[in-house]
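Take a look at this single chain in structure tokens; it is the form predicted alone.
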Amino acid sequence: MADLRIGILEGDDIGHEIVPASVRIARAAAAAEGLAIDWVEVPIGRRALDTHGHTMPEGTLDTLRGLDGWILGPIGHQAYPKVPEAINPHPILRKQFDLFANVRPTRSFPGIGAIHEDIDLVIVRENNEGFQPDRNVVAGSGEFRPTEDVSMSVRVITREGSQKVVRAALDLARARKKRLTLVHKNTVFKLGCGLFVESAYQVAQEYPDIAVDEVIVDTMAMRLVRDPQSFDVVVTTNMFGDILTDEAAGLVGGLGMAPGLCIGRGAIAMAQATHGSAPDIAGKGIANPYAMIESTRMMLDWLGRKRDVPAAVAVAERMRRGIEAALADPATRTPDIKGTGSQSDMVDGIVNGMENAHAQA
């Protein structure tokens, strides 16, 4: 019997490179730690449209329901043909599995071009409501144009949605430095952001050991540039989180350094790097695989703790050591982070780093 069943969803463009790279590294670490993983390939995206007639083929969701988690590569849905079968799978996956919290860490590593050398923070972004029109209504769309000259977008903030994501952020804060920052704009969105803040403090009463403060979103944008070291765990609404995490990634080398993990109330996790599918560099062997590999590492660590599988936590730790070793050497870094290596050099460097770190331990 496998300890974990993990899905492989390559996505589009560079997804066909960085997802297999992530699986290779996870396989190597799992073999070394004695973790049995049943890897399940699941079709999705443009390749699934071409081979199965749909970007989300029939049976995909049923297959995922039988898994502990999955690796989702970047989806280039904006380039899909305008046909009913070419849908964006993202909102469906998040809604179907109630993956309401998007955990996005930002960490600076020496020598890769980070603006600050001592950044280590996590932004928890609400995932299933807010301004995003494909997530904030059950039927139809939250964005519409009633006349030729007027467009309207509906923002949805609920007490339940706010409390769920804040609780996830508080749990994370408890495992880190016991500090949580709420980011909002209740000076303008008095009801929407007001409900988010009110709901957050209601939940925070259950966590008396966590220090909670708040920052207005435009001030947060400035402070991320000036003093990101003053933050540890940050929680915010969907669109604010979408924007701030890209800004944070820019501080530490770009979107190639921006991993992500989608989690919910259950014990299912989705590893999903926050960058796009980058068709302009697909097939050139230069795409930075760090974000996808680190997302995979985060998923295995989270599943190991959530499902009480210590070997999965050990696998994640082994991967961490290999990643740090590869990032310390320009020859095993991609050009976007001041390296001289290729994507395959970086993957080889991580695998070798895992082996060397274990031998020295």
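Numbers follow the displayed sequence, beginning with 1. For clarity, every value in this text was computed on a predicted model and none was experimentally measured.
There is another form of this protein, the form predicted in complex with a small molecule, and it is not shown here; the text below is about that form.
Selected contact from N136, N186, T274, S199, since only one has a non-hydrogen atom within 4.5 angstroms of the small molecule in the model of the complex:
Of the candidates N136, N186, T274, S199, T274 is the one lying within 4.5 Å of the small molecule in the model of the complex.
Just to be sure I understand the contacts: of N238, T106, N288, S162, which is the one whose heavy atoms reach within 4.5 angstroms of the small molecule in the model of the complex?
When the small molecule is considered in the model of the complex, the option within 4.5 Å is N288.
Distance check, A278 to the small molecule in the model of the complex, heavy atom within 4.5 Å:
Because a heavy atom of A278 falls inside 4.5 Å of the small molecule in the model of the complex, the answer is yes.
Taking the small molecule as it sits in the model of the complex, is D336 near enough to touch it, meaning that at least one heavy atom pair lies within 4.5 angstroms?
Residue-level check for D336: yes, a contact with the small molecule.
Distance check, I14 to the small molecule in the model of the complex, heavy atom within 4.5 Å:
I14: contacts the small molecule in the model of the complex.
G256: heavy atom within 4.5 Å of the small molecule in the model of the complex?
Because a heavy atom of G256 falls inside 4.5 Å of the small molecule in the model of the complex, the answer is yes.
Counting any heavy atom within 4.5 Å as contact, can you tell me which stretch out of 278-286, 109-117, 169-177, 207-215 lines the small molecule in the model of the complex?
After filtering at 4.5 Å, what remains is 278-286.
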